[in-house]
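Consider the single chain below, provided in structure tokens and representing the form predicted on its own.
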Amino acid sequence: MKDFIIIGHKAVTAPFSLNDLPGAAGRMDILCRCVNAALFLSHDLRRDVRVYLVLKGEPAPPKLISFNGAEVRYLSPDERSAASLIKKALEKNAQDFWTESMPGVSIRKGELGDLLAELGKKIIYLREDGKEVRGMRFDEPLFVLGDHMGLSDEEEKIIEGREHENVSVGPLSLHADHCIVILNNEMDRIEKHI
């Protein structure tokens, strides 16, 4: 499985209005675009991808939401559809264990360190000053990306305390969903020997 973790520093941790994803929902639009970039092909889903969202906004942070490409249902390639599934997950009473809210979508209490410990994989951390991604092969990768705020010093220390590699998709700072598209394309090209 290919895993993507996206940290939403302002993303709300209670049900929200689907009519204001960038504002009142705490830039939930960014997380929705990342879910879609990670999971969607033209007429299918990537069944070998999981997306984890770390929600750190008010009123009850932190919470984790997962999308499993092999199991997810009722997801369309638009922000509102992903937001609707996130909202339904937030309507569940989050516990210290994963609770499925819809097929392929689950929620639990927890933060970045909890999730990294649970997954137990080498971290591929995206940074402009990292090693060039072109031609790199990844075995069961775990990519960590930030939202519009990047990662905090504390979050970077968590990553630095675990096995990790800094990787770059280019010399300029890109939106997280664009980085995911580039990473998926690079892995597709390697897997298809292009």
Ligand SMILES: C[S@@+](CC[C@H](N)C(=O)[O-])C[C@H]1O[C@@H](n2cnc3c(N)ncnc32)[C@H](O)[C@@H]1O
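Everything quoted here is computed from the prediction, not taken from an experiment. Numbering starts at 1 and follows the sequence shown.
Another form, the form predicted in complex with the ligand, is not on view; read the next lines as being about it.
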Item to check | Answer range among 35 to 43, 157 to 165, 55 to 63, 126 to 134 for contact with the ligand, defined in the predicted complex as heavy atoms within 4.5 Å | outcome: 126 to 134
Checklist entry - Any chance 24, 79 and 82 all have a heavy atom within 4.5 Å of the ligand in the predicted complex? => result no
Checklist entry - Looking at 14, 174, 18, 181, which is the one with a non-hydrogen atom within 4.5 Å of the ligand in the predicted complex? => result 174
Checklist entry - Is there a heavy atom of residue 47 lying 4.5 Å or less from a heavy atom of the ligand in the predicted complex? => result no
Item to check | residue 70, heavy atom within 4.5 angstroms of the ligand in the predicted complex | outcome: no
Item to check | the ligand contact in the predicted complex: residue 147, any heavy atom under 4.5 Å | outcome: yes
Item to check | Touches the ligand in the predicted complex: residue 169 (any heavy atom, 4.5 Å) | outcome: yes
